[in-house]
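A single chain, nothing else alongside it, follows as structure tokens in the form predicted on its own.
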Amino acid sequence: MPRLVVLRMGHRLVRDQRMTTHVALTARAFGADEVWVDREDHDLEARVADVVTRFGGPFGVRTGVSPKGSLRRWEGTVVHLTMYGEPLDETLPRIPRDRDLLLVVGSEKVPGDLFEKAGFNVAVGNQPHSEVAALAVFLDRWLQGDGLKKRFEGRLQVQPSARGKVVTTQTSEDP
């Protein structure tokens, strides 16, 4: 199965902590394998690792990753999620499914040359919205809903419920 990695560019430590955490959690919940963040942020790493510990994995997060180096070394397909790209429905069938996929989402304005480096510039709509929304929609379409069906074997398990919150706790003695 090809690897699916999200590269978060433009992470601003003070301003984007919550949004980048949401990028990572959305990537995990919707089926990505890992998130790379351009700026070093040990607090972000700890927050995501805590979720993985409690709710299950595998899922990785690395911060302090060089975007230019990552793009240069990436051997799979690079997809840049942007409102300025080609429509998602037109682009999705052209993206190879047998290669690793690097999904690039920005925070602040991304460098203009990213549009040239990316194999695909994909617009999830053409109106302003969050990178979290674009990532969720893309992953759901790319994985055809299977990302949300992924089983996470964590200590905490959220159970479907029409009313209220139902969370079970697995102990080390549980099967």
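For every residue, the number given is its place in the sequence shown, counted from 1. What you are looking at is a predicted structure, and each value in this text was computed from that prediction instead of being measured.
One more form of this protein exists, namely the form predicted in complex with a small molecule; it is left out here, but the text below deals with it.
Residue in contact with the small molecule in the predicted bound form (any heavy atom within 4.5 Å), chosen from 116, 108, 50, 43: 108. Residue in contact with the small molecule in the predicted bound form (any heavy atom within 4.5 Å), chosen from 145, 69, 128, 112: 128.
Contact with the small molecule in the predicted bound form, defined as any heavy atom within 4.5 Å, is confined among 26 to 34, 51 to 59, 145 to 153, 128 to 136 to 128 to 136. Using a 4.5 angstroms limit between non-hydrogen atoms, residue 81 touches the small molecule in the predicted bound form. When the small molecule is considered in the predicted bound form, residue 65 lies well away from it, no heavy atom lying within 4.5 Å.
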